[in-house]
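Have a look below at one chain only, the form predicted on its own, in structure tokens format.
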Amino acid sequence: MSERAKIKDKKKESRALSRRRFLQTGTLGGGVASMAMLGGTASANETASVEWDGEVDVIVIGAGASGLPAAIAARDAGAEVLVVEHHFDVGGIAIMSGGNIAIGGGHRMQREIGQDDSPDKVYSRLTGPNDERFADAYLVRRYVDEQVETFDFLEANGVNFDRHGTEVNREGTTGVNSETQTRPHEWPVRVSVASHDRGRNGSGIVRPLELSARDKGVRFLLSHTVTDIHREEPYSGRVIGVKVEEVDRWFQGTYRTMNLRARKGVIICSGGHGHNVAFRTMFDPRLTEEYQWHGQHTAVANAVPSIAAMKVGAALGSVGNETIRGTGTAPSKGRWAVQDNYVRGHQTPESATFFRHRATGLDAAWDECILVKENGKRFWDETDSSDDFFANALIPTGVPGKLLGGGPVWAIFDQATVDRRGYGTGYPDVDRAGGYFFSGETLEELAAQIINNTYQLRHMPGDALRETVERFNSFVDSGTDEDFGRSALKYRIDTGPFYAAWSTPCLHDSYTGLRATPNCQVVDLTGNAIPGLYVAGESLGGIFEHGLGRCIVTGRIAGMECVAAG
């Protein structure tokens, strides 16, 4: 038998194994696919001849804050539902969130504390003339009108808002971006929490919803990613299913694939596009590869399902939302000394995904460090977190051939800061092995090591770093920062050893995505709805709002409408 024939037989065997496992259990075991896994759009003949390995009414892509409500809502409407999730666990990035849900309109808890809110008031907040000016008013109207019923839906499906750390904002609802937030308690089962002892109450949303979904008969296909969406014709007809690939615990493809048919529709709830450099730089070219996506080692927002939808005709919507505040996605100053430096992404060896994170990271002390770029020079007031800080962080430094992106950024501090803050400088606190934390007895020795980071494209000049530190020390002595006007000048940096910790801003939120109708049905480039294709959460464009409320409410809408449309 030829090698080609052997490979072909092996692929058939793997495909048959995956199919049998799926049909027997509805579940499998790991992660997310790379851009290279995306195949081309199937032709009409190819789609007609697809060999289906399974069939359900509704396929939901993603098991996070939008996917779980979508699955439950579809199941409540009588559909047979399968959730495809790239991770080996359920919860997405929501499981690491603080759990504050921007949901209002006059729900039960608001009424109980006398908080005056209504759908009209929420609509007014989300369709203003400033930051919200690119919102899709029709979609927003449906979104706000469903908030009270969605709150009731959460309670009916086990989310507990009445004890253990529940918080309702009692300071009113006036002003842009001051939406009422309601927060459930943290999930009490420690082994089921992703980030321990950090008040990550998002677990109190996703774990009850997961249990409710399973109890109602929703099935989960874990460790699989959707690589293609099947449509009757390349750019017309119904969406009829998806192609999935099993991935390992590192989110790498295994070449074991299945085609799954969806009788009623497919719902994209895959968490946006922030980790996909090619996708995000469509909106902001400055967001080059050195900028990491928050929670990327837990929930990779790689835009693969959205791209698959675009290959069958889907359009993007309200793209102005993505750059309204000056950056392509909301940046965060983050944690120190770890690649996935999401400020709330505190992972310890107890966490199930710690093997990907490699370190916990350090809680940043902005008033006890200086921040320098790859050239060893400061660029702004380190204690500032305004848009001005990020705008300056994104300015290139003159690396040959690199005209976009201003990273990496390094926090420079000394042993005195380590002692004051009680920082650990080894495993599991910092990622030395990965190249995100360095130390040196002298500043020159420290600078020489930083080239070992993947994103540091040239050597940091030791003399430039020393000059920067000495100049800053003179500002501490005089009490005046002559370069950037920083007022917090507490400590000199002069006690070796010296340290450099990764402090490149990370990216948080996708504010645009696929265009959709008020029913969350995906729209094509001609403005027509695509039958059988729906979208929710951060994969959806049109609503300029951060967080869980947007995901949960639109997920529920998509689930209901997908089944209703049949």
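Residue positions are given as counts along the sequence shown, with the first one as 1. Computed from a predicted structure; not experimentally measured.
Not pictured, yet referred to below: the form predicted in complex with a small molecule.
- The shortest heavy atom separation between residue 97 and the small molecule in the predicted bound form is within 4.5 Å.
- Contact annotation for residue 362: none of its heavy atoms lies within 4.5 Å of the small molecule in the predicted bound form.
- Under a 4.5 angstroms non-hydrogen atom cutoff, the small molecule in the predicted bound form lacks residue 286 among its neighbouring residues.
- Although the partner is absent here, residue 269 is a contact residue: one of its heavy atoms lies within 4.5 angstroms of the small molecule in the predicted bound form.
- Note on the interface: of 129-137, 338-346, 148-156, 453-461, the segment with non-hydrogen atoms within 4.5 angstroms of the small molecule in the predicted bound form is 338-346.
- Taking a 4.5 Å heavy atom cutoff to the small molecule in the predicted bound form, the contact residue among 84, 314, 218, 465 is 84.
- Though the small molecule is absent from this view, in the predicted bound form it lies within 4.5 Å of a heavy atom of just one residue from 226, 213, 73, 194, which is 226.
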